[in-house]
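Taking the form predicted alone, here's one chain by itself in structure tokens.
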């Protein structure tokens, strides 16, 4: 194994997924052991696709692009006050998650001297009020936009680009575009690469075989992270470390494969909800990114013997301790239809001692002298205990500290867990036909050429539905 800092290895504790901890609604250890042959076949299946799954090689292949990314990031930092990502799905959720994890939690509010980087805005929706609000707070003269779409035709992203391009053209003319727009897209296909070439835009390539939700370790995620000061080489190091761990021939020592097997066994027993609950604000948006990865990859229908069989767990995002006061009630007293994965941080990046202020009130004073670090860790462990004694399956991913190396590990862990789960379920985890249906319907409604039949279908459906409107 390549030599990395083993003290920063993230660990998976899955004891509380098993009947030995949670009782009858857990997974029998014998059932997990009986999956060994399936797991070995899944490992072989994913490894056999290694040349196709380009996202799995990004921790190696993208090292050749690090200097170019760093140089562009330096140019951005020296040229602007605001850096705006235009994207949706993985093109937005990944940059948001990396920014939240690796930067100051109030990055945009810090004085420039303290953040040493531009403010970051990620426009991941097309709510018209949101675009108006963005334009109210940025200075176009001091803003650089990174438009990200692999296909080069994503309606939401291209509509944003149309708006920004018109503003820039009206102010600077064509020559100004290359000073304000960076394109991240496919090397040959789609409209964006053509636009980038026409106007001489700085351009980064999303490699073939890397879908949006698997793209965080290529320029999609690396450039925004680098702009904001992250050590992107350590991100790749962390991913490489986890990839080695998940290449173990002993499948029971492969963390991503064991996690995948546990979730598949849980699905087979009716646990069709997957909760991810980080106990750190820095990891809040990792849950958003995970939700897309898990839902879009595994939510599939498959024809078998003339029947449609529907797969997948519905992902739910939670935040500890915030959602102890909004969701944990149903996790302890509710149905046994879910698994819960806690993300527990062992060392936070700062320590805050709770001072003595009300020593005359014993029910409050007991907190004084402890730290917020102790408190949030105790709350995490207490919630794990409460969920476990109530008989609900849960596991904990222990993260020594949140930094580039551990976040790289976490990304690769979840991506490989998803790939292995797809193999175990016998589905294609790398397409998204349900999403394409929605895209095609939107194209038809907006009059895109070639979608006349889809428009007729929508009109017929609307005519039937209109009878039941009140």
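Predicted model, so just to flag it, every value in this text is computed and none were measured. Residue numbers count along the first chain shown, from 1.
Unshown form predicted together with 5-phosphoarabinonic acid; subsequent notes refer to it.
Of the candidate stretches 59-67, 407-415, 40-48, 432-440, only 432-440 has residues with heavy atoms within 4.5 Å of 5-phosphoarabinonic acid in the model of the complex. Among residues of the shown chain, residue 88 is one whose heavy atoms approach 5-phosphoarabinonic acid to within 4.5 Å in the model of the complex. The closest non-hydrogen atom of residue 118 lies beyond 4.5 Å of 5-phosphoarabinonic acid in the model of the complex.
Although the partner is absent here, residue 394 is not a contact residue: none of its heavy atoms lies within 4.5 angstroms of 5-phosphoarabinonic acid in the model of the complex.
Contact annotation: residue 315 falls outside 4.5 Å of 5-phosphoarabinonic acid in the model of the complex, judged by heavy atom distances.
Contact annotation: of the candidates 243, 237, 384, 296, the single residue with a non-hydrogen atom within 4.5 angstroms of 5-phosphoarabinonic acid in the model of the complex is 296. Just one of 203, 388, 324, 151 comes within 4.5 Å of 5-phosphoarabinonic acid in the model of the complex, counting any heavy atom, and that one is 151.
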